[in-house]
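Shown next are two forms of a single protein chain, provided one at a time as structure tokens under the names structure 1 and structure 2.
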Structure 1
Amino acid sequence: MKRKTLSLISASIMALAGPGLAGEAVKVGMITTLSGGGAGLGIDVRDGFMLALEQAGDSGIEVVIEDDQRKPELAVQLADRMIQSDKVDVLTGIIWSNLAMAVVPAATAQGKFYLSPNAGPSALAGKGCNENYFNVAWQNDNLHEAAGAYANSAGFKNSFILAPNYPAGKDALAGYKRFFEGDLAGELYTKLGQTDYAAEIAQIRASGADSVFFFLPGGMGISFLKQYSGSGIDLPVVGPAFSFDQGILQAVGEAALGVKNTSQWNKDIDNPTNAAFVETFQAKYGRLPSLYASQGFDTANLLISAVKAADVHDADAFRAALKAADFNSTRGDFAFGPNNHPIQDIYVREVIKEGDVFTNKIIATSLKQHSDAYAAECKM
């Protein structure tokens, strides 16, 4: 019954924008998280992606969307069905790195293109890179590396760090430690999906730390920040945008005010594409966009640029068109590195309140034209 329901969801939001270069639509399979914990992330990626297609008009792209429910085994089943039955040319949409690790290698091994609007595990950036895998967001470590660099500039000397025990969590702490020059008062891996952080907060209290760095995306971050704020601990907190993004801040509320976080995108990046994206997204969906929405929007526009330039069935030409990244990004200048991951600026943001809305503003650039630590291991 659940499988049938997913098919109905997919059919109801299928978008056929027009004929492709060869007279056929380029078929895209979007597997993302649309229910349960973390659904807001997948919804934002989907909405940003579909907004770009809508604005492009006759883009020659057909999208089938499925809900992975944040389950790796379901994501694999959906990918197999899309490749074998739906005959998709391109896959996209996955939020979580453990799901990406389950789906991406098998998809690229079958000659399919995968465009990641979010997950960027280190294993796929280095030795496990593939010429058909393009990450349009970041490599997992990047925003955490920027947080480590910011912590140095803020004068922190003894950080307590924590993240969930899954690939992106391990990349997060590795990234922070790569750039942070101080000592660690403690290092913890929590359970993925955990909502009670009383034990971790007790350890922070007793640790002697002068700062806290955490990566807890989605509902995990909401739970932690609320409990941390109510604990009476008065240590500064720094983290990546994933725990301080637009879809999360309203749920966290006053507890997030003033917190510094790192991101490759924000709504106040000053370029015409970003200004138009923020305005049109808000007009269509009735909410401010998140970085996930911006990543979905950029992923679709990258794909549109490649479809205009080459036939997806000519793999070499289509790959070259993707690599060229000939599109206007919400981030401004956009380029891929040698492992098909972005080279980009990463900013420090501060949580503020505009009227009744909690949001972020850019206050500094942490890393300029930053690549990732794994590109040298990629042999493409």
Structure 2
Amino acid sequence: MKRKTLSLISASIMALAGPGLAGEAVKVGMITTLSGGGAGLGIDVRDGFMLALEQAGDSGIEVVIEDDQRKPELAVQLADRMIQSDKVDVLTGIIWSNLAMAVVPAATAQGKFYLSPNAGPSALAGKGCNENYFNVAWQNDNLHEAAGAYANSAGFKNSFILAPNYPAGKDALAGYKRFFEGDLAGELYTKLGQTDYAAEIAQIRASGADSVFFFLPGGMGISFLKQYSGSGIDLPVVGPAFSFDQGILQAVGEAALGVKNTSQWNKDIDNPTNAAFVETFQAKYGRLPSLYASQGFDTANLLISAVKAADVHDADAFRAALKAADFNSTRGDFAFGPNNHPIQDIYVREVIKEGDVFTNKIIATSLKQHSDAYAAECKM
């Protein structure tokens, strides 16, 4: 239904635009999570993406949006349908690494372009890289590596680290350990989706650690932070931005105040694109953008820049246009490395309260012009 309405709207826009438009529209298939527990992320990516298209005016891009319900098998079906019956040229939108692993290799093998607005599994950055796969967000390890680098500069010597027991959780701890030079007071894998951390917090208390690093995205992070702050332990906590994004900070409340987290984006990065993005996003949707929204916005602007520069049916020219990354990013400088993953600065943010709203402020740059650990393995 939604899909029909959207294509109807875009069709009528196309019709109104009249003969001034050269060639046919570029069709984009967006598969993202719009229902269930993880819907906040997909909605932010979609809203950021659509905001950029709207601001670009008539960009000759037609978008088909579908909800993957966070299910890999459904994402695969949607991708097949978009490629075969909607005849999309470009796919985008997937939030979760396991869904990306199910969809991306098959799509790029069929010669379609895939622009990732969020997931960056290591398998697609190293040996499994593809010339038609562009990651506009980060490689999964990046923010954790930055957290490790920050822990060194903060003088932490003995960290307790924990993450859920699944591939992205293992990447997270590996990323932190790659940069952290101190010792580990403890290393724990929790159950994916676990919401009670009393047992883990008791172990942290008993471990003699001087700091805690955790990667617990979404609801897991909310639960952990609330329980941690209620436990009376006052060790400093550091983590990637995923547990501190704009969508969930309000649910954590006071418990998150002062916590340091790492991110490639924040609303106070000082450049005109970002300032305009934050202002227009808030005006249109009535909430502050999250990093996911910024990633959706950047993905759309990258696409628009490539569509302006080259014809999508000339794959080599279009690929070169994407690779040039000739667009104004909300992050300021943005370039692709040899494996089509970003080379970018990663910041340390602190959770603060502005009026009634909990949000983040940049306090330092953790890693400058950072690439990823897998680029050397990529041959294309």
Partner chain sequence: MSLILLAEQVLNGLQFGVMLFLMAAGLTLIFGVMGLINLAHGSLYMIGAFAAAGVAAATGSFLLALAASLAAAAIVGGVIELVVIRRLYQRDHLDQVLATFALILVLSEATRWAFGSFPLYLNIPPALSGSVRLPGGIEYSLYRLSLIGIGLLIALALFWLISKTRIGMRIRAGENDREMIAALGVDISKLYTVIFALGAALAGLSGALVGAIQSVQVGMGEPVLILAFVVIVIGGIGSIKGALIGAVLVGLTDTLGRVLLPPFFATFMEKSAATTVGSSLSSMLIYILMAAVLIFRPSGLYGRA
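Model, not experiment: these values are computed from the prediction. If you superpose the two forms and keep the largest set of C-alpha atoms that fall within 1.5 Å, you have the rigid core. Numbers follow structure 1, counted from its first residue as 1.
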| property | result |
| --- | --- |
| Identity of the form predicted on its own among structures 1 and 2 | 1 |
| Rigid-body rotation angle between structure 1 and structure 2, smaller part relative to larger (whole degrees) | 9 |
| Displacement in Å of the C-alpha of Y166 between structure 1 and structure 2, rigid core kept as reference | 2.9 |
